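A single chain, nothing else alongside it, follows as structure tokens in the form predicted on its own.
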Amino acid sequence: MGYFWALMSVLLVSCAQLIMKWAMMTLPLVNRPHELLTAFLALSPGAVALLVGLFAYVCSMGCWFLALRRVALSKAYPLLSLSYVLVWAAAIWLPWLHEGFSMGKLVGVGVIFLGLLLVCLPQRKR
């Protein structure tokens, strides 16, 4: 059950990152505080998305707390790197994020994923 909560935490934090990225692309810049405040008061789609992203982040932390009660930290913490892989892939796949693909980034993400497998796969007993 601990891995379930850890994976839920990873999924929620990945969704939160993507939602908050979209929100920040939609909301006015911080150096225009009047426009930013107006967007929040009017509950613009960007403001709502930012709040949803923050809520997903909080829910992710709740799942993470449950995971830490059941999974060793040496196994649970590397699982967070799965979020890097998911966010990278989703950022390329989702057209509204305008993220570009490169072989160098693919290799980097592949190394992260390979390291995650090495840490989390069960070891054979001798």
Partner chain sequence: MSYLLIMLASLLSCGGQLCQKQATWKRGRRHLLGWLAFSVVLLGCAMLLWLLVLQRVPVSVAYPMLSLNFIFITLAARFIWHEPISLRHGLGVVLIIAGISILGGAA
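Not measured: the values here are computed from a predicted model. Under this definition, the rigid core comprises the largest set of C-alpha atoms superposing within 1.5 Å between the forms. Numbering follows the first chain given and starts at 1.
Omitted from view is the form predicted in complex with the partner chain, to which the following refers.
> Is it the case in the predicted complex that 13, 30 and 116 each bring at least one heavy atom within 4.5 Å of the partner chain?
Each of the three qualifies.
> Please run the contact check for residue 120 against the partner chain in the predicted complex: heavy atoms, 4.5 angstroms, yes or no?
Within the cut-off, so yes.
> Just checking whether residue 39 would be counted as a contact of the partner chain in the predicted complex - the rule being heavy atoms within 4.5 angstroms.
So residue 39 does not count as contacting the partner chain.
> Can you tell me if residue 50 lies within 4.5 angstroms of the partner chain in the predicted complex, counting non-hydrogen atoms only?
Output for residue 50 is yes: heavy atoms within 4.5 Å of the partner chain.
> Does any part of residue 87 reach within 4.5 Å of the partner chain in the predicted complex? Heavy atoms only, please.
Yes, residue 87 lies within 4.5 Å of the partner chain in the predicted complex.
> At 4.5 Å, heavy atom to heavy atom, what parts of 104 to 119 sit next to the partner chain in the predicted complex? List them in sequence order, or say none.
The stretch 104 to 119, when checked against the partner chain in the predicted complex, contributes 104, 105, 107, 108, 109, 111, 112, 114, 115, 116, 118, 119 at the 4.5 Å heavy-atom cut-off.
> Does residue 20 count as moved between this form and the one not shown, where moved means a C-alpha shift of 2 angstroms or more after fitting the rigid core?
Comparing forms between this form and the one not shown, the residue 20 CA shifts below 2 Å.
> Please state whether residue 106 has a C-alpha shift of 2 Å or more between this form and the one not shown, with the rigid core used for the fit.
Yes, shifts by 2 Å or more.
> Is there a C-alpha shift of 2 Å or more at residue 116 between this form and the one not shown once the rigid core is superposed?
After core superposition, the C-alpha of residue 116 moves 2 Å or more between this form and the one not shown.
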